[in-house]
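Let's start with one chain on its own, the form predicted on its own, as structure tokens.
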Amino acid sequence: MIQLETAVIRRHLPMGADYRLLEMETPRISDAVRPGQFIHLLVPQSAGLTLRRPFSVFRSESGRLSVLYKLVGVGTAAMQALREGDSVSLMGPLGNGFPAAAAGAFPVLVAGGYGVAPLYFLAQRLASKGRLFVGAATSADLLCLDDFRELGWPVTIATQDGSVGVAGLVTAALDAWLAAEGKGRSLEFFACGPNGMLKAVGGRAIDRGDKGWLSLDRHMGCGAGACLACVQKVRKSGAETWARVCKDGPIFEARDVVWDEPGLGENKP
């Protein structure tokens, strides 16, 4: 059930130069949210913005909910001013969330940049541990990896500038692992990141005959499925149709997504 709740800021921490961790006391939404769902936050009115901003949930426990965000525009710039004790309006939980991993399947998590956020929440809740692959442009874009390691998840890193881990796209690191350790195993993929990465990971899942759950990101207006601003072409019952990412997603199985954006490739993970 979608709820409106006034959340109180409890922590607001820098996570490197361009990223922030915002922790809020929001007991009703925190108790209800599942991995892969998101919240809609009304940014401070000083920004002069009317639309809420969607954020994946990074952590939810003990009546508190945390999100990771990157400083990318007017809305997130205004959010920097939030301090402990301030209040913000939240709407949530929104979206469908990740399904539970199938019994006997080895979970493979693939993140691009701050796509680690919903995957960490998922890793906390999965019944069995798997492996995390993280891709980023540089080492400065790698976030919260020690949090995964504390859960007992092995982490493989790829950076496009070669500053940490494998040099190149995260799919190169994933392919090497699949060739060495993935043969003959039942895997289940969970991915969050840019579209090119999602398409690539989903394609690998399909080629192997495994499930691939993709967290899609689209510009959203209402966040509740009414405005149709975030539609995605999908396959349903053998025919192509349109789905609302905010309500019917944001999680879609790889076989259901129709990637028809011109020039879409394996863009920056």
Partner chain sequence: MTSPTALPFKTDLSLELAGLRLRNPVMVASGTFGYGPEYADVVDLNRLGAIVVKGISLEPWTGNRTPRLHEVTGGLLNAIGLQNPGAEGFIATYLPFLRKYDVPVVVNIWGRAVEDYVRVAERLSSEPGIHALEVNISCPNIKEGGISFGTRVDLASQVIGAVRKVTRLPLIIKLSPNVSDIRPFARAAADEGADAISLINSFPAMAIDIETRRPVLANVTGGLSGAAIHPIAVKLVYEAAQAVSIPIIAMGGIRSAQEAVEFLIAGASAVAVGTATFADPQACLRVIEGLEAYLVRHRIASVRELIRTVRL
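Residue numbers count along the first chain shown, from 1. Fair warning: this is a prediction, and the values are worked out from it, not measured in the lab.
Just so you know, the form predicted in complex with the partner chain exists too; it's not on screen, but the next bit is about it.
Asker: Of these, 54-62, 206-214, 226-234, 30-38, which stretch puts a heavy atom within 4.5 angstroms of the partner chain in the model of the complex?
Answerer: It is 226-234 that comes within 4.5 Å of the partner.
Asker: Whether Ala137 contacts the partner chain in the model of the complex should be assessed with a 4.5 Å heavy atom distance threshold; does it?
Answerer: Result no; Ala137 lies far from the partner chain in the model of the complex.
Asker: Under a 4.5 Å heavy atom criterion, is Val8 part of the interface with the partner chain in the model of the complex?
Answerer: No.
Asker: Given that the partner chain is not shown alongside this chain, does Met91 nevertheless sit within 4.5 Å of it in the model of the complex, heavy atom to heavy atom?
Answerer: Output for Met91 is yes: heavy atoms within 4.5 Å of the partner chain.
Asker: Using 4.5 Å between non-hydrogen atoms, is Met220 touching the partner chain in the model of the complex?
Answerer: Yes, Met220 lies within 4.5 Å of the partner chain in the model of the complex.
Asker: Scan 2-18 and write down, in order along the chain, each residue with a heavy atom lying within 4.5 Å of the partner chain in the model of the complex.
Answerer: Contacts from 2-18: Ile2, Gln3, Leu4.
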